[in-house]
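As structure tokens, the next two blocks hold two forms of the same chain, structure 1 and structure 2.
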Structure 1
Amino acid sequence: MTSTTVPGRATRRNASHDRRRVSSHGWKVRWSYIYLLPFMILVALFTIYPIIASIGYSFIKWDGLTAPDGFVGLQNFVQIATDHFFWLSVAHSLWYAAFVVPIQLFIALILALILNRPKFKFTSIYRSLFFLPAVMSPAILAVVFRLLISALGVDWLGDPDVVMWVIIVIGIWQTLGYNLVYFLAGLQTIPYELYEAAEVDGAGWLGRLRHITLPGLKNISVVILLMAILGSLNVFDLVMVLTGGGPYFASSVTNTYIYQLAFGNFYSGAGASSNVEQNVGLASAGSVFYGIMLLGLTLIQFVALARIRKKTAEQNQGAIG
């Protein structure tokens, strides 16, 4: 006696199996949102809400302690845009980024090339040593450097002509490890067979660097560059603990300017002095204004990345064709 397959029963069995698969997938999706829920709550509380609240505060006059004095419209933004000290702090931030970023990236690239060599020994130790300052709190490093500079018997942090250079040097050293790791990650994506083939063809170190290494790092270098620029323009804790923006406003960057607007006890600059009262509304307007400037840089980042990817894709298609 032979068994026969009933088409209707098989169809129902397959349909039931499909429903179980769909139901199982649906629960997996739901559980993934549940796992993400604590993170989403924290982001909403400590990132999204402060941004929205800052935009709201920027239209009122408020000292942060008593009841708000009322809606002032765009008055806070006008006051920020016409404040000489705001633009001076922006200039200091740009100055810091203009020196820290190129010097730091150059040193990080050279170190990455050295540490990426297969014959170089104890690379893990050197990588850890260079990355160590990056994992330490900038505030702690600033305290340590204040003590070191004080122990040298010099007043570099009190000299308006020197203080910014001291901060730049410390900033280069403190964040060098991040870019070193990024460059090392980029170098390890380049196939080693390309270097071996180039050596067989007689290419020297400079030739391999020019025709293999630098083109291979092109995409990640753009990302590293733009991240370094944005990170440098957001410097705060290092400057705040080292100098508080002084002396005579000589090291005030935009974030320390906004902080001092929010909490008062403001500056006394050479040729001009002012004791600004605590004004959360004005500080919020400054932070929104500066945030819009950084948002512009971020948009430039997306445009630059899109163009590079498009150009790379066209070059690859041309090479295949």
Structure 2
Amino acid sequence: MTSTTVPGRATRRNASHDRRRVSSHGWKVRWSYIYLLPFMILVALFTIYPIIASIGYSFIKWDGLTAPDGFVGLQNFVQIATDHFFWLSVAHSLWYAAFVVPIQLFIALILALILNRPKFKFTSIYRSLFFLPAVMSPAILAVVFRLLISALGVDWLGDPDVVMWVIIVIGIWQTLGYNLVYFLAGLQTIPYELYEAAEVDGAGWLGRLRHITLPGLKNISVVILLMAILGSLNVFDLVMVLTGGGPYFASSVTNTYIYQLAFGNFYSGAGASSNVEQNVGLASAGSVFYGIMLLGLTLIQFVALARIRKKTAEQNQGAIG
């Protein structure tokens, strides 16, 4: 099929226009399947199959090293549901999210409002300073913090009473940049005619914030909140390298606990959570359990988002009509 125009070809094409269309559609479909092949294979093998297999694994007893010991029914789920250390880890994850998310979103919103102000100079420098840790490897940043904390001459990571707070502060520091950028993106979507109109109506700074900026951020805020919550409930690298969950489970989060159940203590930080016995079935039950929790949370937030979108659409309709 060359692209040069040959006299007479055009008429031939017109004559068989309909037939060509049909066959070219067939071609397209066939090539589409080929184009989709790598995607389909990889998604099926590494995303869809593991989701199903995880559930299967959660019903067997297996230490991950020798041959599986066979089907044990719901035993793994019962065991995980009564495992003190699993719940402790889940509690730490929730604790982490409960502090990181609101504090981080609050700071990010304030910073975004400042950086979005007209005529405010050096915006891109400030934005880069706050965003830089967000694009860096959490594992390497955790190494830096371990060294920094040791150099301060304190044993924060070895103290069960303070270790979670240190991790929370580092967590806020590391991921704040994302939310700053997301909020800035949201602020850019607010039409500035609205501010002009408010100005004419004599609205002050606070009035504009209350009646234009915050309502304008509503939609994107739900997305930001969703991502921040899911992200913080999935914290892994930071905790793994900082403490490995230790000292004695004091900073163990769900992901580090499940990791240690599944893969053992091969890599652990200084104060690792000490000898979690490897049990792949139990780890699978734990991840299925936690996965369902997170999925439920996601669905709730989706419903909330859909409702807010609908409400906003109705309001806009009302304003126009």
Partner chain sequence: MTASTLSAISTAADQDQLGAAAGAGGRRSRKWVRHLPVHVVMAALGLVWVYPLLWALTSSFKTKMDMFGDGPSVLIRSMPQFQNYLDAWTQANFGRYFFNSVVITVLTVVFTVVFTAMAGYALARTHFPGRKVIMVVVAITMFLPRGYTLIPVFDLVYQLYLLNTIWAVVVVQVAGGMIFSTFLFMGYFMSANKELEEAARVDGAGFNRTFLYVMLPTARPMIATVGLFSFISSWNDFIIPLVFTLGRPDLRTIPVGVAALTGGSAGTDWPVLCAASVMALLPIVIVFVVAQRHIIDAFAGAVKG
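All residue numbers here follow the sequence of structure 1, with the first residue given the number 1. In this text, the rigid core denotes the largest set of C-alpha atoms whose superposition between the two forms falls within 1.5 Å. Bear in mind the structure is a predicted one, so any value in this text is a computation, not a measurement.
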{"query": "Of structures 1 and 2, the form predicted on its own", "finding": "1"}
{"query": "Rigid-core frame, C-alpha of Asp201, shift of 2 angstroms or more between structures 1 and 2", "finding": "yes"}
{"query": "Is_shifted Gly291 between structures 1 and 2 (CA, 2 Å cut-off, rigid core)", "finding": "no"}
{"query": "After superposing on the core, C-alpha shift for Ile34 between structures 1 and 2 in angstrom", "finding": "4.4"}
{"query": "Once the two forms are fitted on their core, CA shift of Pro50 between structures 1 and 2 in Å", "finding": "2.7"}
